[in-house]
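Just the one chain here, laid out as structure tokens, in the form predicted alone.
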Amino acid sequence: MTRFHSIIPLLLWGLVGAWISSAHAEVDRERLLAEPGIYGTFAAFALDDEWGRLEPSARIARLATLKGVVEQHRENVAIDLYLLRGLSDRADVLFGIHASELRDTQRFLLDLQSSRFGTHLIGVRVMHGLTKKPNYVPGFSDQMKTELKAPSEAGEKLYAIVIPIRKSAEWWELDQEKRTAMMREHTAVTLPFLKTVKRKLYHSSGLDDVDFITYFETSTLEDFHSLVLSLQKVKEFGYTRQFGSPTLLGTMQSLDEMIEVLAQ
């Protein structure tokens, strides 16, 4: 680590000490990620050209406001950060936000974009979804239900992928029994990948221009690639009218890690 890197945390600590010392208790992140009826928002941004021309000290001062805004809102929302730069087209950073009320997410994003750091952010895409109880699992066999509950491999995953999906009108016109049968086939091909690829589904109809947001975490991108190829072969995929566009691929970062990268 260079000397410049080593002083970044110290400088940031001094700049945001007042925020941290007055911070409220954090929201129960694990509950928000596990319960149905929670809003999930994925907000992707690019950094403007001026950011690259700033002196390191100026970047650090602006990044202190990023840390302050995140700490200020953690009482009501769970915030995850992802570095997209170098892996996704047009976007540099992604914020994954979970909240019981979507207006709390809105307040965070408004404060973020009006901060000194946020003035350098260019909006690329904001997607909203809602977590719900599984629609089709009740129609699955007991064995499949058991396999779906198998935990993924321990340890933090390196990569996150966000893919929006829109289904055709024909899909929604099918009766529940036919859709459940196709989703059994869909689920069966995913089972071999559950150990290395975590997934989460958000329902977006009425909240976004797509029907679903699919979120994945993995440290083995080859397995994720194979999973997608397998899903494209099942009958249910024929009712998909949009898969991606955009597909957001990035690395998972802590707040301090993100700040250190962006300060360079």
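From 1 onward, residues are counted along the sequence shown. All values reported here derive from a predicted model rather than from experimental measurement.
Another form exists, predicted in complex with a further copy of the same chain; not displayed. Remarks below refer to it.
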Legend entry - 4.5 Å heavy atom contact with a further copy of the same chain in the model of the complex for all of 163, 208 and 245: yes
Inset, instruction - Indicate whether a further copy of the same chain has at least one heavy atom within 4.5 Å of a heavy atom of residue 180 in the model of the complex. - result: no
Inset, instruction - Spell out, yes or no, whether the shortest heavy atom distance between residue 232 and a further copy of the same chain in the model of the complex is within 4.5 Å. - result: yes
Legend entry - is_contact(residue 140, a further copy of the same chain) in the model of the complex, heavy atom dist at most 4.5 Å: no
Inset, instruction - Give a yes/no on whether residue 194 approaches a further copy of the same chain to within 4.5 Å in the model of the complex, heavy atoms considered. - result: no
Legend entry - Within 39 to 69, the residues that have a heavy atom no more than 4.5 Å from a further copy of the same chain in the model of the complex: 39, 50, 52, 53
